[in-house]
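Presented below, as structure tokens, is a lone chain in the form predicted alone.
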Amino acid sequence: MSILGTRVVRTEDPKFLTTGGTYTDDLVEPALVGALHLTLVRSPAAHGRIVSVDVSDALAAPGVVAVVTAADLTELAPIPSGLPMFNPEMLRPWLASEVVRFVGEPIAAVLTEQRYQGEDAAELVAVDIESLPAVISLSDAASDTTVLFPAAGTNTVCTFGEPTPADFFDGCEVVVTQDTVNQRVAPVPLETRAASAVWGEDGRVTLWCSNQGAQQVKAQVSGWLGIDPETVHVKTPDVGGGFGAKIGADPEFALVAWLARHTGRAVRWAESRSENLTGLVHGRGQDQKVTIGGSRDGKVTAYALEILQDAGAYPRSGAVLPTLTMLMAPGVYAIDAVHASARSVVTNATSTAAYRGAGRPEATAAIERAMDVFAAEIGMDATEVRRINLLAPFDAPHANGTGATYDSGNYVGALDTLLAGADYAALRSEQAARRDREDVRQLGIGVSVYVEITGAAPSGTGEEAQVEVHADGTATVLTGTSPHGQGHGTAWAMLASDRLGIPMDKITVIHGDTDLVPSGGGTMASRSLQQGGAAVHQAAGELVELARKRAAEVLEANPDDIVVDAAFGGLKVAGTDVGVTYADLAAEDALLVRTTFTANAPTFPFGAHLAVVEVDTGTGKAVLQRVVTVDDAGRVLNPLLAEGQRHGGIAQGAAQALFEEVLYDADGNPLTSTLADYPIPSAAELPSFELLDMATETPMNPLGAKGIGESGTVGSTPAIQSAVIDAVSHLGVRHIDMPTTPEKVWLALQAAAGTAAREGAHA
């Protein structure tokens, strides 16, 4: 009987729940004994010209070994933009020397014997900055009134697509336009960024860091420093969350490695929580304009999405995420005409990059909001509008009209399962009763239906794996994927055990060491199981074939008669007690397979979410009452792990819909630089989630698995936002931007009441 599909408890948890993990800042390595500690002097101004940097007082402070400024880094070229479509004049310096462009931008590096000495010395670095006008709003950035990179002559980083044709909605009975904001949010991993580096006598540098893929870090750091990649050894210990923000290297990692070489000593760096909230990349950050047209019977025939993306001060991957939003623009709907375009602009804020879903939640939020405003305009139930326009079930590839080819989908089935499971009719009855009673606390019901793309990044669709059985009968799995909370140790051991017949507790999974695993794509874009897991599955299968051939030679039997016998711990001739153990085979010669699995294409998980909120119309406060979801990720390897992924995703979606937003004032000063200001929710703010199962296997990998890591975020965010608006829609409210805070809801209610009063006076 296969272990796959069963609820296997995570083998990682005893360690994390008792002694705890070993994160980069926890490392006790002999090579790091006596390491210097790096403290960064960061800009207090969002935009300004650096007049002077005086480090003399800091150099005289206790424990200070060196203070490094941009003048000391002339051998390093500016950090490359990374993508050819970016404006080449918008490069980030290692340390600012002429102009600062966001609060928190590094200006100087202080190296001290003890960490606390760095905090004191950094305050003695005198930086004189002449203020320049700050650009925070995207519309201001797009106006080019203040240009952040004068040599570029514009704030535009890159553009995608052409403007919507003027006649695009010709023939539509109804056309509705809505401006929406998919706000900037902070990833807030439990473990902040950290790195340590030391150069060995062999001329190689060992770099430990908190990251989602060691191999990417190796390539980037070696490239940035202009050194041979083989001289860089990257190791990622336990990693406490990433959510996309830890994809690739940060400039600080390379700076740590350079400082270690410059000083001839090991260097350690770990950022504070406030540095993390202001210096780590942020997610989302799109101003969207949706226009939707169709007929009054509910059929949508045209949809246009225009995106203005906040790239932050220095363009990173956030600037190109609109391409994924555009790719998934039509979502689950059969719409004859879909048009999408985007423009990315720089602002005086931290750079944006991937954040759970990375462009796909933004697409779903846009089309789902469009469906709601269209339904409101024609006076039809928003769920019914969705049903009318959903793609029919399909199990052959379907082109969505904007460049994506969905592998399989049953969106109608997902919606039907959801509405039945949540008892949608009863919820609407309860809502109607409250409206009739004019209750202060009104009920809101929001529904979303989504499809997303997984497994498309970062290095095509391939992943390597190595499986080796040792002479003691144990096995080791090497993988290029790298967990930061997903439970790969459990999942990959399950896959290997299922094929080898070796118990899970005798299988070790190794990741995050570029000397042991030279190539790998890392963990992102929900690619791990469908590509990294499939590679392990394939490698274990190939190892069994190798073992069968060698067992056949030893046993003088036909290889076709050799079968795996888990209880025996090896292979036997079918129907007999004649066999040879893995241990005996491995003792004779290495029993090892390294293989590459290449998927045919990405996969497209889908599902439907329903949210129920209660809104106090006196205060505007929305309380999330229920979240019911159908998330179809194909074949599920371990329901316990999948449910954990769904829970986390739903919570992050609820956080964006109700609570979280990175805020700056008009001068570019961060207003959410501590967790006292940035309201991440706890379990107390969230209900128990109701998860309904559905599994449509994909033909793109032998496991039939799609990604699940981001689905919860993609589906829950628009459903919860919609529910809040739905709760007060009968009072004249058509739209509220996220996060739907009490203030925003209350202001929307006041505005609607004012409009109603004016219309009454004119009647």
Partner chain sequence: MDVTMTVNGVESTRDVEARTLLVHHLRENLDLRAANVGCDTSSCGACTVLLDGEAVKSCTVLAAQAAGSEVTTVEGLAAADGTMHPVQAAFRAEHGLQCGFCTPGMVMATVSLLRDNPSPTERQVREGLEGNLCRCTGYHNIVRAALAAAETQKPVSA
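Positions refer to the first chain, counted from 1. Just so you know, these numbers come straight off a predicted model, no measurement behind them.
Keep in mind that the form predicted together with its partner chain is not shown, yet the notes after this line are about it.
Between the options A396, A166, A684, A567, the residue in contact with its partner chain in the predicted complex by a heavy atom within 4.5 angstroms is A684. For the options E542, D498, E306, D120, the residue carrying a heavy atom within 4.5 angstroms of its partner chain in the predicted complex is D120. Heavy atoms of L747 never reach within 4.5 Å of its partner chain in the predicted complex, leaving it off the interface.
Contact annotation: R115 falls within 4.5 Å of its partner chain in the predicted complex, judged by heavy atom distances. At the 4.5 Å threshold, heavy atoms of W208 stay clear of its partner chain in the predicted complex, well away from it.
A residue is said to contact a partner when one of its heavy atoms sits within 4.5 Å of a partner heavy atom; R273 meets this definition for its partner chain in the predicted complex.
Judged against its partner chain in the predicted complex with a 4.5 angstroms heavy atom cut-off, the residues P14, G485 and E660 are in contact without exception.
Only one listed stretch (684-692, 589-597, 401-409, 94-102) carries heavy atoms within 4.5 Å of its partner chain in the predicted complex, and that stretch is 684-692. Shown without its partner, the chain has G648, A651, Q652, A655, E660 in segment 648-665 as residues with a non-hydrogen atom within 4.5 angstroms of its partner chain in the predicted complex.
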